[in-house]
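First, one chain by itself in structure tokens, the form predicted on its own.
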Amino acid sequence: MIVTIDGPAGAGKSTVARELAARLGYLFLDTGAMYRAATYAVMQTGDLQNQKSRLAVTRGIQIDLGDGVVFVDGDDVTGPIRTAEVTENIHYLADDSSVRAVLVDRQRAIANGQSVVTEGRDQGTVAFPEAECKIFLTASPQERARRRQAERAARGEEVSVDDIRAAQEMRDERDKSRLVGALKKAGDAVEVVTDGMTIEDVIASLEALVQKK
């Protein structure tokens, strides 16, 4: 069974999806980490503004997703891919249809024959349109910005909620207007708004949805 969890940045998809997968005994597929890892790799060895370079680097690297750990060609990049610089540059790859095709193929290969909880922006619409359970996880802009600030503060980064929200709004607009893999709710997805909910509440709600399916 494939469970897709899509939604905007800061909705809590990764945290919830990882724990939901653990409870169900499913594989967790963090597609956002894949795009971050590829972006980081291009920043190190390629040219973000050159399409051929982006594609060549993405095709040439091995991305491995462990239990909360991300590797590129065997190197642990879990910390570096979560920096503000990677966040600011990820759109170069996310907006590139050829790069997206490579990563979507890898996502499908990983999920083949497995029970999976996968999260991202286009999992229920592009990567796994036949998924048995589709969830669109979201929250208000202010709540999402507050959560993102808490995440970055935990890593020692000091950024105001207003600055994070401004950057978030720009990213939301890019995600929604992307020609391929745009952020949108699949027609058969269940929308879950998490304002006022604890992580435990959200996970329990999603687990109940999966069990119904």
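Computed from a prediction, not measured in an experiment: that's the story for all the values here. Each residue number is its position in the shown sequence, starting from 1.
We do not show the form predicted together with a small molecule, though everything after this point is about it.
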Which of 55-63, 152-160, 42-50, 27-35 lies within 4.5 Å of the small molecule in the model of the complex, heavy atoms considered? The stretch 27-35
Mark K134 yes when one of its heavy atoms lies within 4.5 Å of a heavy atom of the small molecule in the model of the complex, and no otherwise. no
Answer with yes or no whether R165 is in contact with the small molecule in the model of the complex, where contact means some heavy atom within 4.5 Å. no
Worksheet entry | A94: touches the small molecule in the model of the complex, heavy atom cutoff 4.5 angstroms | yes
message = Given that the small molecule is not shown alongside this chain, does R178 nevertheless sit within 4.5 Å of it in the model of the complex, heavy atom to heavy atom?
response = yes
